[in-house]
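Only one chain is shown below, in structure tokens, and it's the form predicted alone.
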């Protein structure tokens, strides 16, 4: 007899829950706890016409644009980080067609997902007043009915799918996050479908023993995939550090070859390995163990 609460799937099976044209929101923040394995699986599955949303978006933005997987990005910031400068290919796409990118303040982006998680059509904020973002988004100015204060109404965002990576989950999808939670709880509660990838799948008893760490309840989760190093080359708090050398190599490719550099990266790291496990094999155990050692140093008592 099959356990109806067992939501374990493979990456390929979980990717089938994402349809062409869907709006996706990816958890974590920039290069922290990114659902990288799931994002690469969607690229490998050749999904098309996606809208990709994230609070701070890393270079997955360029992978999804250059591959043709995404036709629109929604975020409050895009790029690996200050060291690597403005993302060249992202800039090229947006300068060619500004409608590709919908930019929000960090607060207003989060409020859109919070509204979606609450079942509210919008939430008010003072964020973005006085900026030109109001001209570029569906937000509208409003007056507080109690104080007459000028505010901004930001519309709810209800993604078709949320992709969340966590340190551990049980087969039913009860998911625990170590370190910063970012906006992942709001993402999961707002989305119609939630795919959780986890560094490890543990027993329900283990989740119960540390119930205070459970950030996402199983009843909102539709699929659970066990993927050790599922954020690599991004970082996963306490598990492994971000691989800055990998980022350097990517940035050099893009600086030299532009869109062709992004496509070369995809051929080498997505198409060539054939799977996320193949990608990790290519990286090698020595490198992964070193990144693990560095992460454990940071959290050691």
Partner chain sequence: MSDATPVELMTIAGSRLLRDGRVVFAGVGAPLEASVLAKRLHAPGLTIVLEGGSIGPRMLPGRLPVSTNEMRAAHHASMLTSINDLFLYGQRGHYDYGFIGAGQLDQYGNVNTSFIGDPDRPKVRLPGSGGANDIVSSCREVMIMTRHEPRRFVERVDFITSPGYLTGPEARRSAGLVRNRPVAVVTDLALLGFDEETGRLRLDALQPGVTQQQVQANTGFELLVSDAIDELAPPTQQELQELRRLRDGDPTDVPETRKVTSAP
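Everything quoted here is computed from the prediction, not taken from an experiment. Residue numbers count along the first chain shown, from 1.
Unshown form predicted in complex with the partner chain; subsequent notes refer to it.
Contact check for 91, 179 and 240: all three have a heavy atom within 4.5 Å of the partner chain in the predicted bound form. Residues placing heavy atoms within 4.5 Å of the partner chain in the predicted bound form fall in a single listed stretch, namely 240-248, out of 38-46, 61-69, 267-275, 240-248. Taking non-hydrogen atoms only, residue 145 never approaches the partner chain to within 4.5 angstroms in the predicted bound form. Using a 4.5 angstroms limit between non-hydrogen atoms, residue 116 is distant from the partner chain in the predicted bound form.
Although the partner is absent here, residue 183 sits close enough that one of its heavy atoms falls within 4.5 Å of the partner chain in the predicted bound form.
When contacts are judged by a 4.5 Å heavy atom cut-off, residue 130 counts as touching the partner chain in the predicted bound form. In terms of contact with the partner chain in the predicted bound form, the residue from 30, 50, 262, 53 that brings a heavy atom within 4.5 Å is 30. 81 is the sole member of 217, 81, 204, 228 with a non-hydrogen atom lying within 4.5 angstroms of the partner chain in the predicted bound form.
Contacts with the partner chain in the predicted bound form, taken as any heavy atom within 4.5 Å, map within 62-80 to 76, 77, 78.
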